[in-house]
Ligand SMILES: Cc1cc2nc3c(=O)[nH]c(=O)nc-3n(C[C@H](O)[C@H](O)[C@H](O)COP(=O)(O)OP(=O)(O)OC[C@H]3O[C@@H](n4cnc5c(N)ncnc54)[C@H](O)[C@@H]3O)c2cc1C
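Quick setup: one chain, the form predicted on its own, written in structure tokens, and binding and motion questions come after.
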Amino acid sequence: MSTIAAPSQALTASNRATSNTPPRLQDFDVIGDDAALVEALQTFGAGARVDECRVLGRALGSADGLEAGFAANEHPPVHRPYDRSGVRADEITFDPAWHRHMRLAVQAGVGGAVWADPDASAQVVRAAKFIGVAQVEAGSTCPLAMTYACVPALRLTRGVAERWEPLVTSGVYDTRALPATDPDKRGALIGMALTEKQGGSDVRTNTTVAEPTADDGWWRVTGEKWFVSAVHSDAMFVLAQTPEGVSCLLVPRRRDDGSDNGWTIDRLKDKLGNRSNPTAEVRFDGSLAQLVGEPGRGVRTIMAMIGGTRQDCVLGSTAVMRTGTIEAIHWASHRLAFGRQLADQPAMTAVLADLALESEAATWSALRLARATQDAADGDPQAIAFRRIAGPVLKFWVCKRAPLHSAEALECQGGYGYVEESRLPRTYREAPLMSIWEGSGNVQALDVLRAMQREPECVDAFLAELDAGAGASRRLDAAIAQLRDVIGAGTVDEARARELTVRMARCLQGSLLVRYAPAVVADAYCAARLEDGGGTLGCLPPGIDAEAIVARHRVAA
């Protein structure tokens, strides 16, 4: 009788793992372990609330918190047009992990609750928390961003604000499809339904119409919207044609009696990324709505909201960069190649340092924008002017840098970075979205020109911010002088709007870093971004302490 030889020790199941496979990065503090983010919190007035942010950061970075992000994307939302009785329902169902993550974020104040927070640093704290939340599950940030940003628009019409603001700012995650007037309804999510097939960003060509009803203050909205994200929201801002022109209306999902309000979901979009967030094609059929703002001034009204969602695109891109940076550094710090740790090899060290540099610049500028949002909400005219132009400048630049950054970070992990066990395929798909949402790159660059031409006080406020860093770096001083020459030469041609916006963004980030970041970071940024044009990542000029920059972003988990 023959026998089967026992497998060799080299092939046993327990021996298949290799010590050269880096451990998963988990059980860390997504916010508190980010040195730049903590320093920016302290610098911009939120030092007393760092511990509060750390509580959220630890929950997000736990093994369970990170796994929720994977699960929400591996099991995307499902549209169920009819209930079991065959009645039209248009229900969106989610994996429980989505609700876990959303509840954590809403209760932490990442949605609309910040507007009910009296603390003078509330917007800065919320921005830091948003960056943390977006690193774990980016799809959730769409409903969070719109619910946050809607409050200034709601406040344009008293009756609308009285109905919806208490729910939006409650800090309660309530998924029940109840009308706003139901006393049991404790929280609400708000979305936007702007885009139509024929227009895209050109919302003045929209064909959706709104007609007044006999009931004073209410309208009926009829039309189709082609790209509606967070379609499960309790209400949607809609742009529609009225006799006065394009107007803004708020369309609730449920009427006050609890009945359906004429929303029909045709289908969910099969998107490149952001897959956990349900985006749909929607039809409104005589849906009851309330007018928000002045009739015929719908674009101006919705801009009160879009300023906030654009800021959150900057925060989302900052999160993409932070995720890529720490994952690349973690991998390279635990991976051997050619007899040495990857992170210690000069070519890789330069790439990792440059990833960290870009992440730091985005972090400081994102939280500076949040500080301006806080001050603007408090009525500071300088902050209002600065935010007006810094918003599109940073929306353009930070969101443009994120896809390049994500690709480079993924490459650092090699083949592992290309499979779904890594977090980086998700960030790679997510990164381009931030440039598309709330106005593409060209829209942002042209908005910068518009602000310069129509609101010259914005230019003065922006240059004053740059000048606050004068004298700290000869490279920065030279770059600011060149920017002044371009601005002083007169109207910039639209074809060069991007070039001007890039100059402004680099100068702003340089000014912030020389004032607030460690010298090793500020000096490296000014050398790498202000002189050579900031080209391919990893091509740092001589004299930069790359090891020190990398060490600053290494996370112990």
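Numbering starts at 1 and runs along the sequence shown. Computed from a predicted structure; not experimentally measured.
What comes next is about the form predicted together with the ligand, which does not appear here.
Using a 4.5 Å cut-off to the ligand in the model of the complex, each of G200, L433 and S440 places a heavy atom inside that distance. The ligand is not shown here, but in the model of the complex it comes within 4.5 Å of a heavy atom of T279. Contact check for L463: no non-hydrogen atom falls within 4.5 Å of the ligand in the model of the complex. Put simply, S229 is close to the ligand in the model of the complex: some heavy atom of it is within 4.5 Å. Although the partner is absent here, L446 is a contact residue: one of its heavy atoms lies within 4.5 angstroms of the ligand in the model of the complex. Heavy atoms within 4.5 Å of the ligand in the model of the complex are found in one stretch of 477-485, 406-414, 187-195, 164-172, which is 187-195. None of H334, R80, K271, R176 but one reaches within 4.5 angstroms of the ligand in the model of the complex through a heavy atom, and that residue is K271.
The partner is absent here, but in the model of the complex a heavy atom of M146, alone among L424, V125, A153, M146, sits within 4.5 Å of the ligand.
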